[in-house]
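We begin with a single chain expressed as structure tokens, specifically the form predicted alone.
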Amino acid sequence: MLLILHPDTDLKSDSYQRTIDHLRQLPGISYRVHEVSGARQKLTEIYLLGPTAQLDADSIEALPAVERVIRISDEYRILGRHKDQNRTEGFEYNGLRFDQSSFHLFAGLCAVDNPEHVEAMMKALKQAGLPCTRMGAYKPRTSPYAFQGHGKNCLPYVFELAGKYDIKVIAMEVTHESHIEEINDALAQTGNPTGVMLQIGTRNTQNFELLKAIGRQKTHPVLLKRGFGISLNESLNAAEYLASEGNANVIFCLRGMKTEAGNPHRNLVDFAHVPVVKRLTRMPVCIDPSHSVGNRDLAPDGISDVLHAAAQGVIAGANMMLIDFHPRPEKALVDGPQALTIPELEQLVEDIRICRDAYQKRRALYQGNPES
């Protein structure tokens, strides 16, 4: 059972204390409190755990701090919608809004290689008016002999350059709990010039101890990639691990499924699940066309496969895109064949604008339709 309190409820208020006192007396019932920061107000949600079927919803809803009660019917207790379209979704981070209506482009280096390439990328982003990027410092690789990333050694100059070019959020994969501390130390060392969105890669989607560790910190939002060989339900439960530890500021990323059926692409593009994730959960949905497709080969129409895939995700309502760029893809230490070039950034921004406009027109077409 989920209790949604009145907006901006003070946790020190008499009404809140009386509500909690009542909940403590319920036999066999425990509770967890989660705070949700909306665009205009802060909401507090209380999750009742145990034999809640025996509880009378009307009597619980009559408690002084409670606005309404929702009976939870599916697995995603914290991140799920539970057929309640009025639940608050999304979050604010470093001056940007991330929710199921917004859109942010995170173009950048799959793996940081040197300061010159980082600066060239961030300069291009600033010129395009883009405040977000992706920068890989820690790179889990299939082969133990492949480049694993520069790790903490590159963090100070990446963060300093982000501040120089007004980059507000960097998506950065972490593979170990210690990486969180390294990122925090580097941010403090450089004067906190930017924000970091902690990324959990597809290989770590079911690394439950890592999920718990990242969920326990509430400083940084989290970008969770779908596991490459598991079901959507299993990946959504991985997101719930993060939320259950206290951090519900989670974005879910679709990045293709590992299967020979996707050939000649690197993975089978799964962007048809964009609206599914938005229907089942309150998470914003990201797409990663670079790792889905794995190349920048051109179709006969002159548009690359990766950009066709990107358009499919955006027109389906994606809220964020990770995409690989590099000033010199032939020199990239990771995934050079799929990286777009900086001159292509302007085209991508216009392509996204066209697709977002088409998505908004599609929404308007079906809004108010009783069958939709």
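Quick caveat, the model's predicted, so the values are computed rather than measured. Residues carry their position along the shown sequence, with the first being 1.
Not pictured, yet referred to below: the form predicted in complex with a small molecule.
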Mind telling me which stretch in 193 to 201, 117 to 125, 157 to 165, 214 to 222 gets its heavy atoms within 4.5 Å of the small molecule in the predicted complex? 193 to 201
Find the only residue in Arg282, His273, Arg296, Arg255 having a heavy atom within 4.5 Å of the small molecule in the predicted complex. Arg255
Picking from His291, His104, His179, His150, the single residue whose non-hydrogen atoms come within 4.5 angstroms of the small molecule in the predicted complex is His291
May I ask you to check whether Lys278 falls inside a 4.5 Å heavy atom distance of the small molecule in the predicted complex? no
Does any part of Cys110 reach within 4.5 Å of the small molecule in the predicted complex? Heavy atoms only, please. yes
